[in-house]
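Just the one chain here, the form predicted alone, laid out as structure tokens.
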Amino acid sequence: MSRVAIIGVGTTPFGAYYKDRDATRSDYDLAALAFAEALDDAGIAKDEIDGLLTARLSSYNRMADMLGLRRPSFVNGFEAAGRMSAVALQTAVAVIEAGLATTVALIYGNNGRSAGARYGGDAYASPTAPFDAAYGMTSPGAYVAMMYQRYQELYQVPEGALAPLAITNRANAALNPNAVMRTPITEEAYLAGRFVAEPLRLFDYCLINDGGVALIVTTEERARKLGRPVVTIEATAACGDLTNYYTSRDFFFEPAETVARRVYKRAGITTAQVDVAQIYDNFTPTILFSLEGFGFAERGRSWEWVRDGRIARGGELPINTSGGHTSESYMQGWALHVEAVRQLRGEAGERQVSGAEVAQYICVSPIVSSHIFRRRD
């Protein structure tokens, strides 16, 4: 069976839109702009697309109508949660492998900054919200802060251990002309950042910004006819850890270990062969949990593992080379997929990781997921 390949990627100007709020800017407009860029990147005609998957957009009907995709063979929509970026791509792979469509567009739009979105307080709702709120658990950040506090206690993690993650993300974003936050930060600046939900500081949090992202996928056989660098999805896997709340007593370790075992076996690789990793970082502790669950670092020791440049562009495992969710943008995992493709194509400019051939996407959340991407010339 032919592998599935990503042939087109598109993003909107994250930094420019962050500076220029516009109450009339819609999530559909942003998604459409990203789709147009992805279509141009793929070098195919719009009528060649016969599958459509949308995310964070309330109506795939409206999106399809705006784009002129009248009769796709397969169509579906996904909720706004960041874990859906991987689930959507997994769905596209399954659809193509099953022969239900040949070329699928995945489209995401988010006008959160202009619309005044908040990920917390009254705007945040979970099944246990009426009970959680009494204890201050009114946002995803509060849940992750509680998990990280537990992690600190269990493994004797010192103050400031998250600083290398925030600093590295910002250093990468400084080389990314599309990033929202491009000014480098020091450890002193990190520690001076205010607590949002202690022990998480300002620079541990993702951004709220406007943007759109689009991917176009098809068979490897078809991708090779387009005359562009071919990036295949070598393997993908997921495992849920589903409860009525966001916390996980083992920091999602068990499902992450399960996904790691599956995805590396299917791809036929080990962690040592991963050249660059894009790790979902709604909050910086998630990176630590990911590195341990997927076997890069010893359990309870990832906060030491990430020090001394190991995750920088020239390090052992470059992470979030575009700046990640804390510095490039918070496109809920979608832009991290695009960065993986651009790195493997050698299109990342100053932030390019030399010789990158294998990239991994990881999302540790109530649906733990991962993909292995490979450049195949």
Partner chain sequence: MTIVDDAAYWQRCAAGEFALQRCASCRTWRYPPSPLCPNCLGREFAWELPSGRGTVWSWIRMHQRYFPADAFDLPYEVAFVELDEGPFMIAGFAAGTAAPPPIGTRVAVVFQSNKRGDQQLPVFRSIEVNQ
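This structure is a prediction, so every number in the text was calculated from the model and none was measured. Residue numbers count along the first chain shown, from 1.
Just so it is clear, the following notes concern the form predicted together with the partner chain, a form of the same protein that is not shown.
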#### Entry: Triplet T232, A267 and Q273 all within 4.5 Å of the partner chain in the predicted complex via a heavy atom
no
### Query
Which of these stretches, 169-177, 295-303, 146-154, 80-88, has heavy atoms within 4.5 Å of the partner chain in the predicted complex?
146-154
#### Entry: Proximity of R261 to the partner chain in the predicted complex, heavy atoms at 4.5 Å
no
### Query
So in the predicted complex, does any heavy atom of D132 sit within 4.5 Å of the partner chain?
yes
### Task
Would you please decide whether R71 lies within 4.5 angstroms of the partner chain in the predicted complex, comparing each non-hydrogen atom pair?
no
### Query
Is there a heavy atom of S114 lying 4.5 Å or less from a heavy atom of the partner chain in the predicted complex?
no
### Message
Just to be sure I understand the contacts: of A142, L162, C206, L291, which is the one whose heavy atoms reach within 4.5 angstroms of the partner chain in the predicted complex?
### Response
A142
### Of L106, V95, I279, A197, the one that lies within 4.5 Å of the partner chain in the predicted complex (heavy atoms)
A197
### Query
Using a 4.5 Å cut-off on heavy atoms, what residues in 104-118 are near the partner chain in the predicted complex?
R118
